[in-house]
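There is one chain below, alone, in structure tokens, taken in the form predicted on its own.
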């Protein structure tokens, strides 16, 4: 048996990761969340009732609560954070708190643990935004790009700055305690149960109300369906050569936000003129990762096409 600890397990990636891990006969999964953003819905309840899953309702911002977690966790997937673009602008202080304190306490709690084999930290493609915009860094973007912060007064940076902080903290704590780590920079994972504060569900829910409004239509992104994101994450956790590495997880297929919306309407069989709005200040115009490193470390390649992934997501939301 391998004992996994998944933080943010009631969130989007955390739920799907814990769900996949729990389907392995040799896995024991500890699901940690305090529902600051994750949902305690029927799906999460069903997951936590499986024989090899333990639900732990823990506020990871509380050091005492973190130190109450079991000692014998072997692989930690630290995905807990307050994500969602609207949250960056509306709740920046909460975003900073929920994306920094838990990382401190978890690394302090498990750094000296003899059971811990790997600490995997969820970084973000948002960390690339300033360098790409300010310095015209090449696209697709590799993991060796310098990270920078464009404007500390823009609340959007609450998330990226706290995630950069977490990367440095993870690397240096691992060095201090002599532990293996992997930092995963996720690029626009999407799929069922991702909430409503991301471009795909946001557009879908507006369309459901008869409002075809799109923000950041000129921007380009790449999207990776959640099952592929989870498969890449687990592959990195099991790859010895991924220890000590920073790795992009995403797709290298670039698409404009406008084309993405048109594709969603086509799949839905809907028609209408889309009201086009600019992206919020601080949003990067292009974001596409290089996944050469991911492929070389794990042999990973996406299995779900964008059209198929959008269809599954649309089925869930509509």
Ligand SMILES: NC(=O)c1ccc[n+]([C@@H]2O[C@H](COP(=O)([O-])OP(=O)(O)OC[C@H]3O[C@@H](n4cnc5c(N)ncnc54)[C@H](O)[C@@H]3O)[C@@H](O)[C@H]2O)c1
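Values in this document were obtained by computation on a predicted structure and should not be read as measured data. Numbering follows the first chain given and starts at 1.
Not on display, but discussed next: the form predicted together with the ligand.
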Exercise for review: Verify the contact flag for residue 300: yes if a non-hydrogen atom of it lies within 4.5 Å of a non-hydrogen atom of the ligand in the model of the complex, no if not.
Suggested key: no
Exercise for review: State yes or no: in the model of the complex, is some non-hydrogen atom of residue 233 no more than 4.5 angstroms from a non-hydrogen atom of the ligand?
Suggested key: no
Check your understanding: Can any non-hydrogen atom of residue 159 be found within 4.5 angstroms of the ligand in the model of the complex?
Key -> yes
**Study point:** Touches the ligand in the model of the complex: residue 21 (any heavy atom, 4.5 Å)
**Key:** no
Revision key, fill the gap. With the partner omitted here, the residue among 186, 203, 110, 181 that in the model of the complex has a heavy atom within 4.5 Å of the ligand is 186
Practice item. Could you spot which one of 141, 130, 170, 124 gets a heavy atom to within 4.5 Å of the ligand in the model of the complex? Key: 124
Study note, to complete from the structure: Note: the ligand not shown here; in the model of the complex, the stretch from 288-296, 264-272, 22-30, 57-65 having heavy atoms within 4.5 Å of it is 57-65
Review point. For the stretch 30-57, which residues lie within 4.5 Å of the ligand in the model of the complex by non-hydrogen atom distance?
Key: 33, 34, 35, 36, 37, 38
